[in-house]
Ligand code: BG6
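One chain follows as structure tokens, the form predicted alone.
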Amino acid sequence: MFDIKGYIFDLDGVIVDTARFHFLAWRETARELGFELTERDNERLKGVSRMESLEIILRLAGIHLDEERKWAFTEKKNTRYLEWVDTLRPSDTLPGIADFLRSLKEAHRPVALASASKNARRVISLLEIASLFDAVIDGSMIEKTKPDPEIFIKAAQALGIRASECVVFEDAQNGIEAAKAAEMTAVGVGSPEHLGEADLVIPDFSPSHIYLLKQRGIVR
């Protein structure tokens, strides 16, 4: 049985699918470099910072850029990404997650968002769910990205709860590793094939899977 007092959520792939926006923006940026980014390549970019994502693309393409050009390309990518983000509406939240967040709020459970994206606050504002979070830790507030546990440790601190009493909801292996490194309970959202180290894996936040969380003592 888990002793959970705080709830921490990743953003992309858990609350909203902006991963497709990242992919589209990175693909256009990669094409400027003469490299065709595939969806398989894109899996390596999940949960890491903008600059680290570019570094991965450059390694895949066998390209070297100076620091000035790297920053220019990351800014281009972000501009493209934000153009897609600005199309988001509340109906774009993934099935069941908004209701789950509201139920935690109504039960007075401390809830944090922990996302490597520096645009996290903008996204949850567009989705009209910002008020459901007691704390937001985004990419501008950390020095190390997942699988380093820094972001989750800071989220727990912001909630005033011990890390061991928090559960993290994540869709990426890097995030699961970060949660475990922080000694938190890790719930994978997606396929067990890619999230095998999680304490529990659910495909989504449908009522039947929320019931499973309750059965396991993760939600009370």
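No experiment lies behind these values; they were computed from the predicted model shown. All residue numbers are counted from 1 along the displayed sequence.
The form predicted in complex with the named molecule exists for this protein as well; it is not shown, and the discussion that follows is about that form.
In terms of contact with the named molecule in the predicted complex, the residue from 81, 73, 133, 100 that brings a heavy atom within 4.5 Å is 81. Of the heavy atoms in residue 173, none are within 4.5 Å of the named molecule in the predicted complex. Among residues of the shown chain, residue 161 is not one whose heavy atoms approach the named molecule to within 4.5 Å in the predicted complex. The named molecule in the predicted complex comes within 4.5 Å of a heavy atom belonging to residue 53. Among residues of the shown chain, residue 124 is not one whose heavy atoms approach the named molecule to within 4.5 Å in the predicted complex. Across the options 42 to 50, 28 to 36, 184 to 192, 61 to 69, residues that bring heavy atoms within 4.5 Å of the named molecule in the predicted complex belong to 42 to 50. Residues of 107 to 129 that come within 4.5 Å of the named molecule in the predicted complex, judged by any heavy atom, are 115, 116, 117, 118, 119 in sequence order.
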